[in-house]
Structure formats: C-alpha cells, structure tokens
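Just one chain is shown here, as structure tokens, and it is the form predicted on its own.
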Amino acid sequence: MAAQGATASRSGLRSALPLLAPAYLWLTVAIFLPLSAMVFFSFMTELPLSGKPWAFTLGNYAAFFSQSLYLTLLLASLRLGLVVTLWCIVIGYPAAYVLAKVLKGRSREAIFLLVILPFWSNGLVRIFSWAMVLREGGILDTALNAVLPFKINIDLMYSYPAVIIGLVHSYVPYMVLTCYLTLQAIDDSLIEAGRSLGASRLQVLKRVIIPLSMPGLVAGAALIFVPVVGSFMEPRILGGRTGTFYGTVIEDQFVAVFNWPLGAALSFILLAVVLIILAVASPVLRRAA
C-alpha cells in the first residue's frame, strides 16, 4: 500500500509539473534573481556598473551599526508600522463586520466596491490626492471654512499625521478584506446562541466574534506591517522633512546617492529585522489564530 501511495504521489507530481512550472519560473526570474543580485551588491565596495574598481567587504553592514542614525530611523519606521497597523484595525475591523453581518444585497456590493476602489488607482495618484486635501487652502481647509462661522487654518501637509493618513488609506483595504472573509465564515447561530444565553453584545464580541475572526486580524496585520515599515512614497511626499524614515534612506541610496551596495545592505538588514519580529511573534500569533 505504501509503495502504491508513493507511486501515485510521484505520478500526481509529474502531472502537476507543467502547471507549476510557469509560476515557479516567474518567481525565479522576478524575485529570487533580483534578490540574489542585491545580496551580491551588498557585499561590494562599488557597483560593477559604475566602472570603478570594486572588492568584497562587510563595510556596508558595519555602517548600520557604526552610525546611530540608521538605528534611530529603523526604530521610527517600526513605530510607524505599528501605528498604521493599529489604525487599520480600528477602522477596518468594524467596516468588515458591517459588510459581513449587517449589510445585505446591493448595499453590501456598493460598500465593498468602495473598499477595493483604492486598488484600482495608482499609488502616486492617491498620495497627491491627499496632498490636495491636506494642504493649506486645500479641500479640507476650504470645506471647513465654508461651514464653520469662524475661520480656521488647517495645514497637515509635511507632518507625521499626514503620513499616517496616507498609509492608512493605502493599506486599510487589506484589513477589511481579510477580516471580512473570517467574519463571514462565522455561523450566525453561534452569535444567536450567545445572545440567547444572556450575553451582552459586548460579551458576544469579546468571546465569540473576535476569537473566531482572529486569523483574519493576524493576516491583515502582517500584510500591513511588513510593507509599511519599508514604505517611502507616502513619507516622502506627505511628510516632507518630517517624513524621513528607514525606507526613504534606502530609496536615497539607490536613486539619489547611487550607492547601491549600502542601499542593498540596509534593505537586507530591514528584511532580517522584520523576519526576526515575525519569528518572535509567531508563537503568540499562532495561539491567537
């Protein structure tokens, strides 16, 4: 029986190879080869494309530990990732609950369309749209001054709150979608049973809904935290001078300074830090999910 099972498994694998080959080829070309090149560049003194003599070195990684600025910016980026993730949970989880358990029919479809609408537009368009809203004399400032009997001056551009607003707008759909899938899978009879046993709405939320929807919360938090830590467009455009984070420094090394070896080293240090955080948190996340 074991031999027959192994033969059937090998036969199934051979039949699946033609279907798996394009996906793995794409992963190899689009992900693993560029990452391998970046690993190679991170141990070099100069970029070979520059025509200057180069050699292997650990100096690019040593620069992170010798200059406190990089560690300060990394901690600021980690804090930014936590803040944006928390705001996405606060905004996205109630919206997902309303979509999954309250709205029905066409109204649900309309709201769901509004949730995924940011995915249909370019990231730069979304960011510059917020610049038009948040700047002095912008849409928000004009609208409030038209309604209020007194004049106020609202200028959130080039500030930390502007960066938070832009990032939350970009990533909150991930939280809504992941939580919506888990909330919709919760049987309504479980909620009704809790209510019939005398539990309040808050108790049902704490003891039934949130524990059963925790996998969606965990997945959404991971999908948001990881890219936000390395983000650079929103901090650069909406934050100005206050938007200097670890991701913007990495972008400068590639685009402005043309120091690809240092930029690659800083990128892999960020990748290592994020992987360590996820590895340390995985037991807790596994129990929660």
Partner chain sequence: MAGVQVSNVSRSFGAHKALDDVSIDFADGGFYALLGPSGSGKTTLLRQVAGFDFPDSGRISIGGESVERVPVEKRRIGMVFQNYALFPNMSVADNVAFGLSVRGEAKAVIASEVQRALDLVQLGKLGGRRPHQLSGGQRQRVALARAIVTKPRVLLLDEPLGALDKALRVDMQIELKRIQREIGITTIFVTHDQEEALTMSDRIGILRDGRLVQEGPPEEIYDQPKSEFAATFLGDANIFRGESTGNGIKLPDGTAIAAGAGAKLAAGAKASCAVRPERIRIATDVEAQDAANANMLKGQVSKRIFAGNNSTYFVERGGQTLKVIVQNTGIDRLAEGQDVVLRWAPESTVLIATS
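Residue numbers count along the first chain shown, from 1. Source: prediction; values computed, not measured.
Unshown form predicted in complex with its partner chain; subsequent notes refer to it.
- Though the partner is left out of this view, Asp187 does reach within 4.5 Å of its partner chain in the predicted complex, counting heavy atoms only.
- Residue contact check for Arg79: none of its heavy atoms lie within 4.5 Å of its partner chain in the predicted complex.
- For Ser107, no non-hydrogen atom is located within 4.5 Å of its partner chain in the predicted complex, even though that partner is not displayed.
- Mapping the unseen interface onto this chain, Pro211 counts among the residues with a heavy atom inside 4.5 Å of its partner chain in the predicted complex.
- Contact with its partner chain, judged by heavy atoms within 4.5 Å in the predicted complex, is confined among 175-183, 92-100, 161-169, 197-205 to 197-205.
- Contact annotation: of the candidates Ile111, Ala193, Ile154, Ile139, the single residue with a non-hydrogen atom within 4.5 angstroms of its partner chain in the predicted complex is Ala193.
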